[in-house]
Ligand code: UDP
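First comes one chain, alone, set out as structure tokens in the form predicted alone.
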Amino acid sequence: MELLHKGKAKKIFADSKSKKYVVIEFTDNVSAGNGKKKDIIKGKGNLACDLSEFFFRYLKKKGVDTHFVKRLDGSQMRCTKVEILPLEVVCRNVAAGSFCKRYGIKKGTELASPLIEFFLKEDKLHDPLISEDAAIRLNLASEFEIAFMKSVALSVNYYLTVLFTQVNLTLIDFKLEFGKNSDGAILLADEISGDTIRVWNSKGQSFDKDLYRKDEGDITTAYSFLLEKLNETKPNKVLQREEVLYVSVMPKDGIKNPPGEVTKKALIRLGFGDATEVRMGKIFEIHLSKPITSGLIEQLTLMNLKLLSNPIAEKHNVRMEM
């Protein structure tokens, strides 16, 4: 097979059966500190592949769009070919790792709610933290793509958190990557394994790559334990997370808006003379029983044209949070 890309822990090959797919091979390579620490740990690649297969299958059943297609022999899996977006998406539930160093927070501090952070995917710069606005201004992702990745990350967080809770483990944080397929759809990609998540038991013991980072234990033993516990879970018992989409519909520029004019006059009468223009529209709050996907957004766009808005006089905007 033709080697397309070689990363720190994976190799990506062209799929001989179809240009639509690639073959991802998980290697036994492990590194930390942006490659400053490196080793080869026998069996690690198979375990990372096993864990990724488990998580991708589970998330697909819950409605999350992923690049996973099929498990192959050894430490390989067939996946949809995607162009990876140059951003790493991190979701945190409990303070750990670089987050503690950055803000002086005590390790193990539970966050009030899940926190999503973005990091620039660039080894030469040591994958720095990047603001959403900076990512948008640098054309690394659009405002919609940022919101989409956040929405999926929160869905993944819910489904993984509940699953780990079944076996008395806590999901501390995790890293995700996303890519676009040939149709432009955004898919959850890369891997989800002990290399990309932090999981603790009730005593604060780690079962992830932190063991390697800190020389505190054998990661193959930890990854095997995670896989064993995951196989004890009952994914069908995990309820679907309710998602919410907001569709705002406004008059197009240049189109008269009588309700807005009436409201403007009322504001002026009440002493709010600074109002120069008021335009009134409508907002639809749509509750969903499955995660948001590119296909669902495409469907919603069609519904906007047919039901929610008048394409001649109105414009619409889809938001995943208010």
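The shown structure was predicted, so the numbers you read here are calculated from the model rather than taken from an experiment. Note that residue numbering follows the sequence shown and begins at 1.
This protein has a second form, the form predicted in complex with ligand UDP, left out of what is shown; the following refers to that one.
T196 is the sole member of S206, T80, S151, T196 with a non-hydrogen atom lying within 4.5 angstroms of ligand UDP in the predicted complex. Interface residue among K252, K229, R213, R71 relative to ligand UDP in the predicted complex, by the heavy atom within 4.5 Å criterion: R213. Only one segment in the set 153 to 161, 130 to 138, 238 to 246, 86 to 94 has residues whose heavy atoms sit within 4.5 Å of ligand UDP in the predicted complex; it is 86 to 94. When contacts are judged by a 4.5 Å heavy atom cut-off, S98 counts as touching ligand UDP in the predicted complex.
Contact between W200 and ligand UDP in the predicted complex is not found at the 4.5 Å heavy atom cutoff.
In the predicted complex, no heavy atom of F118 sits within 4.5 Å of ligand UDP. Contacts between 154 to 177 and ligand UDP, taken as any heavy atom within 4.5 Å in the predicted complex, involve D173, F174, K175.
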